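Here are two versions of the same chain, shown separately as C-alpha cells and labelled structure 1 and structure 2.
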Structure 1
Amino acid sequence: MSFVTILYAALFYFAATILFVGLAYRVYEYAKIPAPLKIPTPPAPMTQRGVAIRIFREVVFFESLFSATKWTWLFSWIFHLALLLAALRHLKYFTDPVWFWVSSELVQVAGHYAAYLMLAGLLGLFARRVFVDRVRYISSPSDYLILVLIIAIAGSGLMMKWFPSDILAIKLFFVGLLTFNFSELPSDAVLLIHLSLVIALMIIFPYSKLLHAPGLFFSPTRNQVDNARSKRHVADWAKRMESTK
C-alpha cells in the first residue's frame, strides 16, 4: 500500500476513536449532571409524551430558535437539512451493496444540490457573526474557525465535481476501513484536502460547541415535565443524601 493510504487509514481510525469515545464520555457527563430544580421553559408540557413531542419539534423544526430570530433559524435550518441530505448521499461510500434507497436518483441528486444549500446556510451564519453586533460580541475565535472549517469541507466537496477522483477506489477504501480489508486511496489533491478537513472536524467535534447536537436531549429546560405543582422534584444526589440520614 502507498504511504498516502496508510496515513489516511491511520488518521481515520484515530479520528473515529476520538469522535466516538469523546462523544460517549460527553454524553455520560451530561447524564450525570444533577438537575435540582424544575426549570422547563414555558409553555412546557405536563406529560412525558408532551416532552417527547416538544423535543421532536426542537430537533426537526428548531422551534425555540424560530421564536428567537427568524433569519438565524432560516440559515441554520437550511444548513442542517442540507447536511442531512449530503450525509445520506455519502452513505454509498460506506455500504456494500449500496442500499436501494441510497442509490436512488432522488437521494443522489438531492444530496448533490444540498451542498450548495449547505454553503448558503453556512455563509449566512458566518455573516450573522460578523455583522450582527450582539452576536459578534459573544463570538469567540473558535466559533469562526468551526464555521470556516465546515465551509471548507462543503466547498472542497463541491470542487470534486471539477476535479474528479476515482469514485470506485474511494468506496473500496472506506469499505475496507470498515472490514479491515484495505484498498488504495487515490492521491488526488482536492480529495485529500477534503478528507483532511473531515478528519479535523471529527477530532474537534467532542470538544466544541457542535456538542449542542446531543446536548439538546439533556437540557432541563426542554426535557423536564412541568409538574412541579403536583409532584415534588428531588435530584438524584439529594435522594442519596436523604437515604443516608
Structure 2
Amino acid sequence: MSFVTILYAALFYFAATILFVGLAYRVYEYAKIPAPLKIPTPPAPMTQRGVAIRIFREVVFFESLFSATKWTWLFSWIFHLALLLAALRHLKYFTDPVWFWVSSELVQVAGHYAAYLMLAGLLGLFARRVFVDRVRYISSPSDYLILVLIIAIAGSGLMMKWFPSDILAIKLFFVGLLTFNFSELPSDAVLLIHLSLVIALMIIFPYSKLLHAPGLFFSPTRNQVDNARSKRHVADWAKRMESTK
C-alpha cells in the first residue's frame, strides 16, 4: 500500500464518519425537539398525505423559491439537479457489479454534462452573491467559500476528462473501502485534488448551512397538518402546565 492510498483511505473513513454520524445526530436532535404549536403556512394541507405532497413539491421543484425569485430559483434548481445527475453517474464507482441503470448510457452521459450545468448554476449563485447588494450584505466568508469549494469540486471533476486516471483502479479503491478489501488508489494530481475537496465537503456538511437539506423536512411551517381545532398538539414540556379544570 502506498502512503497516498493509506492516507486517503483513512481520510475517507474519517470524513464518512463525521458526515453520517454528524447528520444522524442532527436529525436525532431535530426529531427530539418538540414543535409545541401548530404553525403551518398557507396553503396548509389538512391531511398527512397533503403534507407529503407539499414537501415533495418543495424538494423536487423548490416551489416557494420559485414564487420568491426566479433567478435564484433557476440557478439553484439547475445546480441541485446537476448534483443529482452527477451523483448518479458516480454510483458506478461504488457498486460492483454496477447496477444496470447506472451503467446505462443515459445516466453516464447526463452525469457528464451535469458538470457543466452545475458550474453554470454555481457561477450564477456566486454572481448573485457578489452583485446584488442585499445578498452581498448577508453573505459571510463561509457563504462564498462553500460555493468556491463546490465549484472547485465540479471543476476538478471535469478536468479529469483531460487528465484521466485509471478508472478501474479508482473503482477498486472505493469498492475496497466499502468491503474492507483494500486496493491501491492512483496518485494522479487532479484526482487527488478532486477527492480532497470532496472530503472537505463531507466534513463541513453537518456543521454548516448545508443542514438545510435535513432542515426542510423538519420545518414546522411546511411539515405540519392544519388540524389544530380538531386535534390537540401538546408538547411534552408543556404538559406540566396542563390543568385539570
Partner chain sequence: MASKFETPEVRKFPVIPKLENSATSHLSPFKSKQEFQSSLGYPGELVENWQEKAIDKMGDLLGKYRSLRVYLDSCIQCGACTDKCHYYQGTKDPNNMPVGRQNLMRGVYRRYFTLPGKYFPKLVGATDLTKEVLDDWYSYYHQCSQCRRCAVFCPIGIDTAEISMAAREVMDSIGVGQKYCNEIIGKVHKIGNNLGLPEPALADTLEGLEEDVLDDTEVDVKFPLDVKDSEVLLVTPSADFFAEPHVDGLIGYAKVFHQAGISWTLSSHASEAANFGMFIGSYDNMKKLAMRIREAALELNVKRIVFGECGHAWRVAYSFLNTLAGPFDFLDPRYPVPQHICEITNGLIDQNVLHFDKSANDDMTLTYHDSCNVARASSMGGIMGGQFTIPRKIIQTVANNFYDMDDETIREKTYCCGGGGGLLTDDLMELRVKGALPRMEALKHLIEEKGVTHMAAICAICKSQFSKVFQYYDLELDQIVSLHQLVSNALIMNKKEV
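By rigid core we mean the largest C-alpha set that fits within 1.5 Å across both forms. Worth saying up front: this structure is predicted, and the values here are computed from it rather than measured. Numbering runs along the sequence of structure 1, starting at 1.
Between the two isolated copies of the chain, the first is the form predicted on its own. With the core held fixed, the Cα of residue 221 is displaced between structure 1 and structure 2 by less than 2 Å.
Relative to the superposed core, residue 230 undergoes a Cα shift of 2 Å or more between structure 1 and structure 2.
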